[in-house]
Every structure is written in structure tokens, then in C-alpha cells.
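A single chain comes next, written as C-alpha cells; it is the form predicted alone.
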């Protein structure tokens, strides 16, 4: 008799529900607690938010925070890996401008794989993390027509180099750097079972290379039910059209009465305000306190919760990570919300890559997780004959 615990009993009602809540494995990088929110290797994400982004990448990969010397060495190693084959940039410059920015990111990841894979999981993970800042910068700069690609300065750091290569016209570069450093850390990882992470790990289980696996993850993130939430939240805040608390409350009530959704509030797991939202509200009050859209989002923070709490069927009426992030990006010079999921993807590449490395090289005593092959129950398929 096996000593294994029964973690989940599957019944017919669980079929065709998107695997929601099904335990399928273990994750070493992050955890989502209903009250405390996201933590990375045990550290609350809010405590990590203002660290060097590279220190948090190191944590996800190695499960310990680096010493100052280890961090310096890790930064130097990433900078040394950051050179992108010029054919990648040349090809990206010719991509159709009517392609969505996430489709450009998918193309960029494929090109990185074509021009630089080693076949070693961790080496390719590090290379992809180091080079993705240039890919993301190219998506913004080349697709938007801001000018030719800007040569990289990887010694600046992952996020700093991306901002340098983006060269956003009219933006406050210092504000944008500060915002994107924190945005990058807050969005790096989110447990093991969200769609993008699961898709990436599933493809990697078939021993596709990490670039193809991360491309699959980004394809999952591209969908409007997953990675486009910050884009939708900004567009929702734009429709509110006022900073007056009374008018906003009436807007929320009218939206709900009409069957609409209050974007940026609620979460599948959390039952309190998302700490990542808390960090971003405070950052907004520092970086852009007088921005009208930020003021609207800040007022929504209290007003929407008050109204949503009146419905006993709503288990989490609180702001999530997307409630204000798009507003901050807009206030910092990135006004086209179509690109926001690319920044989400840039962050998540690090966390998903770390999970793929774990599943391929660490779990099951280094043997790795087998190829994913869940079972489907045949329905309405009684034997038939053409005769």
C-alpha cells in the first residue's frame, strides 16, 4: 500500500473545468497565499520590489539571495551574454507593423532560438533572460516607428538597458526606469499553475528548447483572459472620466447593474488587496501623484471595494496587480496600452525560465518531470461502422 497522501479526489464535475485547482506538481520559485499574496522563495514580493532586478532573478534561479559579490558577478555574467545576433534585429525591423506587439515578441523569441541556442537548459535560460531586454526594446521601438534600433549598453542592467534601447520619445527616462525596475520584479513569477507558466513547462517537458517553450508561454500570456488585464484596466479607467468619488461610485454601480465588469478588482486566489497593487499605489503617489488617471485609479481603490463588498457572492472585492499598473505606465510615457502585455512577458520570462530549469534539471532527483500527458475521457464515441 502506498504512503502517498490523497491531495485531490477527481469527480466527473471536475472535467472540462480548465484544470482549476488540480495539483499536478511542485514549484520551488514562488507561492500565492490568499491573504499574504505572492512570495518568491519565501520572501514577500513587496520586500523584494525595490531590490536590483538581477538579485531577484538570481533568487528565482538559485533559491537564495546573492551576496554583494555574487550579485556583481551575476550582473557581469548577464551583461556578457546580452549580445543579440544582428540578424534578429534586422528581421524584426521587417515584421508587419499591423502585427500585435505580442506577436512581435513571439517572433523575437523564435529568432533568439534560431541564432543562439546551446541545448543546455540553464545556459539557454540565462542567455534568453539577458537578451530579452533587447527583444522587448525592439518591439517598442521598431514597431512604433520611433527610429532605428539603438545599440545596447548591457552594463547598465537588464531594465536600464531596455529603457535605453527603447528610447521612448518624450518620456521621463528616470521615472520610466524606476517604474519598470519595480514592475519587472513584481511580475516575475506567480506560482506554477497559471496558463503561461504551465504552457511553457508543458512544451519543455517534450524537450523543445527553452526559446520555443518560452514562446509557448508568451502565446498563453497573449490571450485577453490572461496577460492583457493591465491593458484592459487602463482602458477601463479611461472610460470613468472623473476623479470625483461620488461620480465614480455611481459609475461603478451603473456598470455592475448593466452586467459589466469592474476591471482590476478580484483574484482567483487572493482574498485581500494584492501586495503588488499596494506597492504600485505607493509608487504612483511618489512618481505621478497629480496624474488625472492615477487619481481616478486611486479613488477606485476605495470606492469600488465599498460597492463590491455589498455583494455577498464576491469573495475578493480588492484591487489586484493590474488595477493601477497600466495607469502608471501611461503616466510614465508608455501611452499605447497594446504594448503592456509585452512588458508583463519580459518580466515573466525570468520566472518561467527558472521553473523550466527546475523541472528539467532538478526535480525527481535531477531526472526531470516526464512529458506532460493528462488524460481525457472519451465522450459520445460508441463504436460505429461505415458499412
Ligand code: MLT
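Residue numbers count along the first chain shown, from 1. Since the structure is predicted, the reported quantities are computational estimates derived from the model, not experimental observations.
Omitted from view is the form predicted together with D-malate, to which the following refers.
- The partner is not drawn, yet in the predicted complex one stretch among 187-195, 232-240, 114-122, 82-90 has residues with heavy atoms inside 4.5 Å of D-malate: 187-195.
- Site residues 267, 276 and 348 are all in contact with D-malate in the predicted complex, judged by any heavy atom within 4.5 Å.
- Note on the partner interface in the predicted complex: the residue among 226, 100, 253, 271 having a heavy atom within 4.5 angstroms of D-malate is 226.
- By the criterion of a heavy atom within 4.5 Å, residue 340 is excluded from the residues contacting D-malate in the predicted complex.
- Although the partner is absent here, residue 344 lies within 4.5 Å of D-malate in the predicted complex, judged by heavy atoms.
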